[in-house]
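Single chain ahead, written as C-alpha coordinates, the form predicted on its own.
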Amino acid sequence: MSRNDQVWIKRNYENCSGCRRCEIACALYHEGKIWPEASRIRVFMLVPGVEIPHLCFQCDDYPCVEACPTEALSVNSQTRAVNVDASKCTACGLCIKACPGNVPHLHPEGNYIVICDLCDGKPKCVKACQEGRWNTLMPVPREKEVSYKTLAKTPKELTHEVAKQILGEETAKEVID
(Lines give C-alpha, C1' and ligand atoms only; values in the text may rest on other atoms or scores of the structure.)
Protein backbone atom coordinates (compact mmCIF):
# COMPACT_ATOMS: atom_id res chain seq x y z
CA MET A 1 0.00 0.00 0.00
CA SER A 2 1.49 3.34 -1.00
CA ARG A 3 0.61 6.78 0.36
CA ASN A 4 -1.66 7.18 -2.66
CA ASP A 5 -3.58 4.10 -1.55
CA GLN A 6 -4.12 5.35 2.00
CA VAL A 7 -7.71 6.15 2.75
CA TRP A 8 -9.44 8.55 5.04
CA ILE A 9 -13.09 8.12 5.94
CA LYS A 10 -15.11 11.11 4.83
CA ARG A 11 -18.30 11.67 6.81
CA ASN A 12 -21.53 13.13 5.47
CA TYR A 13 -23.32 13.43 8.77
CA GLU A 14 -26.57 14.66 7.25
CA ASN A 15 -26.98 11.29 5.52
CA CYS A 16 -26.72 9.16 8.65
CA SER A 17 -29.94 7.30 9.42
CA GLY A 18 -28.68 6.02 12.74
CA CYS A 19 -29.01 2.40 11.59
CA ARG A 20 -25.75 1.53 13.36
CA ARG A 21 -24.72 -1.04 10.78
CA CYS A 22 -21.28 0.57 10.96
CA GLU A 23 -20.98 -0.26 14.65
CA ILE A 24 -22.11 -3.83 14.06
CA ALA A 25 -19.71 -4.36 11.13
CA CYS A 26 -16.83 -2.97 13.20
CA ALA A 27 -17.61 -5.13 16.22
CA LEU A 28 -18.01 -8.24 14.09
CA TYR A 29 -14.59 -7.61 12.51
CA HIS A 30 -12.76 -6.77 15.73
CA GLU A 31 -14.66 -8.74 18.36
CA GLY A 32 -16.21 -11.58 16.36
CA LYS A 33 -19.71 -10.76 17.56
CA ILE A 34 -22.35 -8.05 17.46
CA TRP A 35 -21.20 -5.79 20.25
CA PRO A 36 -21.69 -2.09 19.45
CA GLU A 37 -20.21 -1.03 22.80
CA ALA A 38 -16.83 -2.43 21.66
CA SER A 39 -17.02 -0.88 18.21
CA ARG A 40 -14.27 1.51 17.12
CA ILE A 41 -16.95 3.73 15.56
CA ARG A 42 -19.78 5.00 17.72
CA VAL A 43 -23.00 6.66 16.65
CA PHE A 44 -24.17 9.45 18.94
CA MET A 45 -27.69 10.87 18.99
CA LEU A 46 -27.53 13.82 21.35
CA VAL A 47 -30.48 15.48 19.61
CA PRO A 48 -33.35 13.37 18.23
CA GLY A 49 -32.93 12.96 14.49
CA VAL A 50 -29.28 14.05 14.44
CA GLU A 51 -27.06 10.98 14.25
CA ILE A 52 -23.30 11.43 14.44
CA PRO A 53 -20.99 8.54 13.47
CA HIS A 54 -17.81 9.26 15.39
CA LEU A 55 -14.42 7.73 14.72
CA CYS A 56 -10.75 8.64 14.59
CA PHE A 57 -9.92 11.66 12.43
CA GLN A 58 -6.31 10.54 11.96
CA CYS A 59 -4.68 13.83 12.92
CA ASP A 60 -1.47 14.58 11.10
CA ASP A 61 0.49 14.86 14.34
CA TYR A 62 -1.35 12.11 16.28
CA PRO A 63 -1.59 13.76 19.73
CA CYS A 64 -3.02 10.53 21.18
CA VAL A 65 0.11 8.61 20.20
CA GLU A 66 2.33 11.38 21.57
CA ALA A 67 0.43 11.39 24.88
CA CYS A 68 0.71 7.64 25.47
CA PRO A 69 3.27 7.03 28.25
CA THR A 70 3.54 3.28 27.57
CA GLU A 71 3.91 3.36 23.77
CA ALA A 72 0.72 1.33 23.46
CA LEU A 73 -0.37 3.51 20.56
CA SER A 74 1.47 3.66 17.26
CA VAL A 75 0.79 4.80 13.72
CA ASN A 76 0.48 2.08 11.13
CA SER A 77 3.02 3.02 8.46
CA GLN A 78 0.86 1.62 5.67
CA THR A 79 -2.64 2.80 6.57
CA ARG A 80 -1.75 5.81 8.81
CA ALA A 81 -4.35 4.55 11.31
CA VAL A 82 -3.63 4.30 15.03
CA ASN A 83 -2.90 0.82 16.26
CA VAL A 84 -3.39 -0.10 19.92
CA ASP A 85 -1.24 -2.70 21.63
CA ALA A 86 -3.71 -3.80 24.31
CA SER A 87 -0.95 -5.58 26.26
CA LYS A 88 0.87 -2.25 26.78
CA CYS A 89 -2.18 -0.03 27.41
CA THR A 90 -2.86 0.88 31.05
CA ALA A 91 -6.13 2.70 30.26
CA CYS A 92 -4.69 5.87 31.81
CA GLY A 93 -6.88 8.02 29.56
CA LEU A 94 -4.18 10.46 28.49
CA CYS A 95 -4.91 9.68 24.83
CA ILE A 96 -8.55 10.61 25.36
CA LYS A 97 -7.56 13.95 26.88
CA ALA A 98 -5.09 14.61 24.06
CA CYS A 99 -7.57 13.82 21.26
CA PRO A 100 -9.25 16.97 19.88
CA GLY A 101 -12.29 14.86 18.98
CA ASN A 102 -12.47 12.87 22.22
CA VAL A 103 -12.48 9.72 20.09
CA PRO A 104 -10.58 6.98 21.98
CA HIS A 105 -12.69 5.07 24.48
CA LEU A 106 -12.28 2.17 26.86
CA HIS A 107 -13.10 -1.31 25.68
CA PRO A 108 -16.22 -2.38 27.63
CA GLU A 109 -14.56 -5.45 29.14
CA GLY A 110 -10.84 -5.01 28.61
CA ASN A 111 -8.66 -2.52 30.38
CA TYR A 112 -7.46 -0.87 27.18
CA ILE A 113 -8.35 1.83 24.69
CA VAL A 114 -10.00 1.19 21.34
CA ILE A 115 -9.50 3.43 18.31
CA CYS A 116 -10.39 2.93 14.65
CA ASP A 117 -7.59 1.08 12.88
CA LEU A 118 -9.20 1.25 9.43
CA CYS A 119 -9.48 -2.55 9.39
CA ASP A 120 -6.05 -2.77 7.73
CA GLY A 121 -7.06 -0.33 4.99
CA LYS A 122 -10.48 -1.79 4.21
CA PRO A 123 -12.87 -0.25 6.77
CA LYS A 124 -15.82 -2.52 7.43
CA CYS A 125 -17.97 0.39 8.65
CA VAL A 126 -17.67 2.06 5.26
CA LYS A 127 -18.60 -1.14 3.45
CA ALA A 128 -21.70 -1.57 5.65
CA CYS A 129 -22.71 2.07 5.09
CA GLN A 130 -22.21 1.80 1.34
CA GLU A 131 -24.22 -1.45 1.19
CA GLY A 132 -27.06 0.35 2.95
CA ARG A 133 -26.74 3.16 0.39
CA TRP A 134 -26.62 5.90 3.00
CA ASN A 135 -23.24 7.17 1.83
CA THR A 136 -22.56 8.68 5.20
CA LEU A 137 -19.12 7.08 5.34
CA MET A 138 -17.02 7.16 2.21
CA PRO A 139 -13.40 6.19 1.61
CA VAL A 140 -11.40 8.99 0.03
CA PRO A 141 -7.68 9.13 -0.74
CA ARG A 142 -5.67 10.67 2.06
CA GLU A 143 -4.39 14.04 0.85
CA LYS A 144 -1.22 15.82 1.92
CA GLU A 145 -2.83 19.27 1.72
CA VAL A 146 -5.65 18.48 4.15
CA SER A 147 -5.18 19.01 7.89
CA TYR A 148 -7.33 16.24 9.28
CA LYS A 149 -6.82 17.51 12.79
CA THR A 150 -8.89 20.60 11.99
CA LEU A 151 -11.82 18.29 11.24
CA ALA A 152 -11.62 16.59 14.64
CA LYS A 153 -14.51 17.57 16.87
CA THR A 154 -16.36 16.06 19.79
CA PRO A 155 -19.78 14.46 19.26
CA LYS A 156 -21.38 17.50 20.92
CA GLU A 157 -19.61 19.95 18.60
CA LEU A 158 -20.55 17.90 15.54
CA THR A 159 -24.15 17.60 16.72
CA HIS A 160 -24.36 21.40 17.01
CA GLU A 161 -23.07 21.85 13.45
CA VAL A 162 -25.30 19.19 11.90
CA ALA A 163 -28.38 20.24 13.88
CA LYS A 164 -28.01 23.78 12.51
CA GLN A 165 -27.90 22.41 8.97
CA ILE A 166 -30.83 20.03 9.41
CA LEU A 167 -33.07 21.98 11.77
CA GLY A 168 -32.02 25.56 11.16
CA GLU A 169 -30.12 27.74 13.59
CA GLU A 170 -33.03 28.82 15.80
CA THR A 171 -34.52 25.36 16.23
CA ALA A 172 -31.09 23.84 16.77
CA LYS A 173 -30.38 26.40 19.49
CA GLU A 174 -33.68 25.55 21.20
CA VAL A 175 -33.10 21.80 21.25
CA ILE A 176 -29.40 21.98 22.13
CA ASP A 177 -29.27 24.74 24.73
Partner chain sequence: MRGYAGKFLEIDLSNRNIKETKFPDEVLRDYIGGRGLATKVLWDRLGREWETVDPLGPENILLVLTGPFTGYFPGTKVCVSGKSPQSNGVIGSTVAGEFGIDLKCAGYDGLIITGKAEKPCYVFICDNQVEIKDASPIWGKKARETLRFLVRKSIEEIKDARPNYGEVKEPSILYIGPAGENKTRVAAVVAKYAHGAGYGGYGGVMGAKNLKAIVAKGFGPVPDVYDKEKTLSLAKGFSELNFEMERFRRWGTGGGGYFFGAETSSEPIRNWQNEWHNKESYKGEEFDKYWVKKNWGDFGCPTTCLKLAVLKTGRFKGAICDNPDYELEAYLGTNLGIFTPEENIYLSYVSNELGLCGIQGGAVLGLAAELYEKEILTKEDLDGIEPEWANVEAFTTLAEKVAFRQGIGDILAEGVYRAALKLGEMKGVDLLKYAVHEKGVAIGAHGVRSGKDFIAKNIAYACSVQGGDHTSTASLPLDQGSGELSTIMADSAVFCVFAAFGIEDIKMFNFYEAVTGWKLTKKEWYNEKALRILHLQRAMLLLGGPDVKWKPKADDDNPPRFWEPLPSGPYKGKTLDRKMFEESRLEYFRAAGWNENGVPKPETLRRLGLEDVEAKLKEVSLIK
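Nothing here was measured: the structure is a model prediction, and the numbers come from that model. Residue numbers count along the first chain shown, from 1.
One more form of this protein exists, namely the form predicted in complex with its partner chain; it is left out here, but the text below deals with it.
- Among heavy atoms of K144, none comes within 4.5 Å of its partner chain in the predicted bound form.
- When its partner chain is considered in the predicted bound form, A91 lines it closely, a heavy atom lying within 4.5 Å.
- The closest non-hydrogen atom of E14 lies within 4.5 Å of its partner chain in the predicted bound form.
- Taking the partner from elsewhere, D61 is found to have every heavy atom lying beyond 4.5 Å of its partner chain in the predicted bound form.
- Scanning 61 to 79 for heavy atoms within 4.5 Å of its partner chain in the predicted bound form gives no residues at all.
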